[in-house]
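One chain follows as structure tokens, the form predicted alone.
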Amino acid sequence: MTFQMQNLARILQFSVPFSRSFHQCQPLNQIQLLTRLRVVDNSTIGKEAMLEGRPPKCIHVYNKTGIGTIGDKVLVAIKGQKKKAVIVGVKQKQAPLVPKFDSNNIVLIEDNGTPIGTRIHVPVPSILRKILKERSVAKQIDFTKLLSIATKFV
């Protein structure tokens, strides 16, 4: 009988959860709804949000699948405002010769496509040139200014 009691105690010991603590969700590997992002330009609203520890969150991805990759335009909630941004680096698995980043990086833009900041602090993938030039439309959204403020290309 004591052997059965010991087995029962051993079973109960392993069935109890190991720890009961609160934790934050980790940043997602793909950019979708409510993904935490990192602003990598020197815009004032982006700097303030990152210093406060309240990074922007994705509200909407402007493509058919709803999952953002490099070069996609997203709508973000930052400091109680809605701003548009362009994804310049993602954590998810990439195609060959496209770098994978440690965080999901964005650059804030205005409605006409001009960047809010004047400099991008992180290296930008060189394939972004090809992607954004294909998506730039004459007399509408022009992403070439975004490429011109980048300091390094990978």
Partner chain sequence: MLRRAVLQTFRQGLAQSFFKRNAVSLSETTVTHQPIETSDEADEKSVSKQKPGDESGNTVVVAPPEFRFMYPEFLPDPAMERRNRLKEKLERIDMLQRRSVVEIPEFYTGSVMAVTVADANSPNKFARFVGICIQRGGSGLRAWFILRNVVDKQGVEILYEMYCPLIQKIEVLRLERRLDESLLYLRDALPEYSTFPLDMEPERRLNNSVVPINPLKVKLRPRPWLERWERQNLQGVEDLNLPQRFYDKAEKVAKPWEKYDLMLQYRKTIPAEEQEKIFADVHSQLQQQEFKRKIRRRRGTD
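Numbering follows the first chain given and starts at 1. If you're wondering where the values come from, they're calculated on a predicted model, not measured in any experiment.
What comes next is about the form predicted in complex with the partner chain, which is not displayed.
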message: Among the candidate stretches 122-130, 58-66, 108-116, 44-52, which one is within 4.5 Å of the partner chain in the predicted complex when only heavy atoms are counted?
response: 122-130
task: Determine whether any heavy atom of Leu34 comes within 4.5 Å of a heavy atom of the partner chain in the predicted complex, and answer yes or no.
output: no
- request: Spell out, yes or no, whether the shortest heavy atom distance between Val98 and the partner chain in the predicted complex is within 4.5 Å.
  value: yes
message: Does any part of Ser103 reach within 4.5 Å of the partner chain in the predicted complex? Heavy atoms only, please.
response: yes
message: Is Val154 near the partner chain? Define near as a heavy atom within 4.5 Å, in the predicted complex.
response: yes
